[in-house]
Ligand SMILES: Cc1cc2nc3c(=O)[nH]c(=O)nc-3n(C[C@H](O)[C@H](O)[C@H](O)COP(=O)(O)OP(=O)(O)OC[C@H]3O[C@@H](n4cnc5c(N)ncnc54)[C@H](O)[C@@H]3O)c2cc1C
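The chain below stands alone and is given as structure tokens, in the form predicted alone.
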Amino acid sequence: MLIRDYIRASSLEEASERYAAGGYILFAGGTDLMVKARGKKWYQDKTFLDISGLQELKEIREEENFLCVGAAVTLTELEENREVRERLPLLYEAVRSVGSTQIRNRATLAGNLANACPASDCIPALVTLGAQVEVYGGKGKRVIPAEQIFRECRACLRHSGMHVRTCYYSDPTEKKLILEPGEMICGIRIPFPKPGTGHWFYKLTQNRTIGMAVMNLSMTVEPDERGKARRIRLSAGGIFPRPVCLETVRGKNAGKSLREACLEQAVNAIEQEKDLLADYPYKRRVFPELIEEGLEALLPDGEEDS
């Protein structure tokens, strides 16, 4: 592996100052960086700036109605966290689908988001849940809705074989996120769903292994005060050039049932990517089927009214 140097940051301020000066690649878990550095010379003039030891980035805490996850928190720590398992089951399912145990022991939720891969397992769950991203830079902290932090990356979905393998960019944050120079993700705020909200997560791979997703789907169904399905939110990986959340609300669909309106919206959305997606015919056929399966699991009998 070729890199110029390796430095462990002693504070968030130091990390931000160095990162703003250029020539640095942020390093927390390093699972994506190691793969890229092994076969390419992208980093021979770059210094890995390790933020994994910053205690302020290693916290998992509850704040009002949010679970706040520091940028250095590993996926294993989230998987083992009781609040995640019991109150954020959609995120739990997405996290435990990432790679192997060894990968989750090092990989971080913030790194998964920062890599901005369209086939990420965690990003659709974060977008569906309405997560917020805390970033830190020379002007202090600011908060960005997760769905709004990504730039469109059309090249990422042109891989052959239905598969999104890895990113074309050595530092995805420069090309695929809207961050200002020197800004870095320092945490993610995830709102706890309304009581009674159903969740569904599915990951489709080529060979039922720990590999990257061909497609994945995160979905929630939120009830109204009577317990009747009111709103569907879903986000998918491996389909769109930037993560999007498709939302369907009962009573706002020109007489269509909640199920019909949700499927129609999803089909319209994927048809907009007809000239972009590798293996579009396959994904166009399977995407609605995955949604149907999720709706079958989440919508009780009789939830077909408009």
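Just so it is clear, the model here is predicted, and its values are computed rather than measured. Numbering starts at 1 and follows the sequence shown.
Another form, the form predicted in complex with the named molecule, is not on view; read the next lines as being about it.
For the residues L276, A269, V249, V35, the 4.5 Å heavy atom test against the named molecule in the predicted bound form is passed only by V35. With the partner omitted here, the residue from I239, I51, L258, V69 that has a non-hydrogen atom within 4.5 angstroms of the named molecule in the predicted bound form is I51. The named molecule is not shown here, and in the predicted bound form it never comes within 4.5 Å of any heavy atom of E77.
Using a 4.5 angstroms limit between non-hydrogen atoms, T128 is distant from the named molecule in the predicted bound form. Among heavy atoms of A9, none comes within 4.5 Å of the named molecule in the predicted bound form. Within this chain, G99 lines the site of the named molecule in the predicted bound form, having a heavy atom no more than 4.5 Å away. The partner is not drawn, yet in the predicted bound form one stretch among 117 to 125, 139 to 147, 78 to 86, 226 to 234 has residues with heavy atoms inside 4.5 Å of the named molecule: 117 to 125.
Contacts with the named molecule in the predicted bound form, taken as any heavy atom within 4.5 Å, map within 20 to 36 to I25, L26, F27, A28, G29, G30, T31, D32, L33, V35.
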